[in-house]
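Below you'll find only one chain, the form predicted alone, shown as structure tokens.
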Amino acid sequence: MNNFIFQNATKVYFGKGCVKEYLTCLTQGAKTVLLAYGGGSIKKNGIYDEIIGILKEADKTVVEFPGIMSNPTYAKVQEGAKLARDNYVDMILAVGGGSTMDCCKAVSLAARYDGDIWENFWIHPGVIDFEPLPLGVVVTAAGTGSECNGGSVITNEDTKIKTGRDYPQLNPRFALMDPTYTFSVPKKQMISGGFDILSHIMETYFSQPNENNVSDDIMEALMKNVIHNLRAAIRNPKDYTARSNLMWDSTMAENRIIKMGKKCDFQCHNMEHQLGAYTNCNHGCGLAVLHPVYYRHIYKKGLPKFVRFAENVWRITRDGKTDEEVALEGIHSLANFIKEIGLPTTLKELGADKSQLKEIADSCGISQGSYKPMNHEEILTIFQECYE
């Protein structure tokens, strides 16, 4: 394995009833809490009332920061930071999925920084030499794994750039993860979140080193677990076993453990981020469209790993096939799974404007971890092949 340094500062409280059991003690010492959430679904499913009740009973002053969108913007980050400063907030409590958590990590930084965090920490990597505003999270949707890392993906609407950074100092202090909180997530969102988990794992798996290593073995087990439990959750959205497994799969995909010793290829994420910046499309849906086509472009450069993927994840048998045939059958199985679970397979379905594809392709970042490094011309070709 390659050399690495591992760090994860987030303490996880996992299981049914964990919010009721632990939230009061975890917010001890914070007089004023910024309660952040998205479009209001937590008010419909009872989560909001439960959390407000706990905070009020603990004599907290609650400042609400609602309306965080699915692709959080830099303007929304600035709004949250101003709210935190104006109300002398002691802690942020982000209740929601990846978008809410990502936005609040940026808010925690911006609330205690006088400069432009977009320019100084997102466009260019920065050094956080001060203490961000403390952040805790209550996870209500499985997908991004944002609860156990310092990663935050933000969209600048003015420049049409969507990008992310991962700063260990932005890790939430704690993550409360009750799988029953995910029961009310709409089916489409649950499925797209499940594919996002699979995408995170695949984009780490399909990278150097190819030699036998712990991370690849763990990832094969995780990918099989995601596939099995996503199918189970589609059959029964209130299958606690399936939803709890998916929730922990999501965390394991992005808590840095499987990335140890791996180069990582997040080219599909780079491409989807820019599609999202231009179209505001659902993240998991965009990834589902891109992955099979992208893998058909790179599989020959990483053939042994694609063969392993086919044989160990999709149980493709050799039966006299060549390595290339086995690898392609594995990619075909991935594409069939995407259709099976009802995700889109074309950019046209996502509302992409064909005339904008070159502009979007030219704006994409280039991953240094890919088996076959992309250029903007090939990215445009992939977009065109994905269009319809």
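Values in this document were obtained by computation on a predicted structure and should not be read as measured data. Numbers follow the displayed sequence, beginning with 1.
There is another form of the same protein, the form predicted in complex with 5,6-dihydroxy-NADP (NZQ); it is not shown, and what comes next is about it.
The listed set Lys162, His291, Lys76, Lys262 contains one residue whose heavy atoms approach 5,6-dihydroxy-NADP (NZQ) in the model of the complex to within 4.5 Å, identified as Lys162. Of the listed positions (Gly80, Pro72, Gly302, Gly136), a single one reaches within 4.5 angstroms of 5,6-dihydroxy-NADP (NZQ) by any non-hydrogen atom in the model of the complex, namely Pro72. Looking at Pro344, you'd find every heavy atom of it more than 4.5 angstroms from 5,6-dihydroxy-NADP (NZQ) in the model of the complex. In the model of the complex, Tyr181 approaches 5,6-dihydroxy-NADP (NZQ) with a heavy atom inside 4.5 Å. Put simply, Ala141 is close to 5,6-dihydroxy-NADP (NZQ) in the model of the complex: some heavy atom of it is within 4.5 Å.
Heavy atoms of Met91 never reach within 4.5 Å of 5,6-dihydroxy-NADP (NZQ) in the model of the complex, leaving it off the interface. Of the candidate stretches 118 to 126, 302 to 310, 149 to 157, 205 to 213, only 149 to 157 contains residues with a heavy atom within 4.5 Å of 5,6-dihydroxy-NADP (NZQ) in the model of the complex. Residues His269, His273, His283 are the members of 263 to 295 with a non-hydrogen atom no more than 4.5 angstroms from 5,6-dihydroxy-NADP (NZQ) in the model of the complex.
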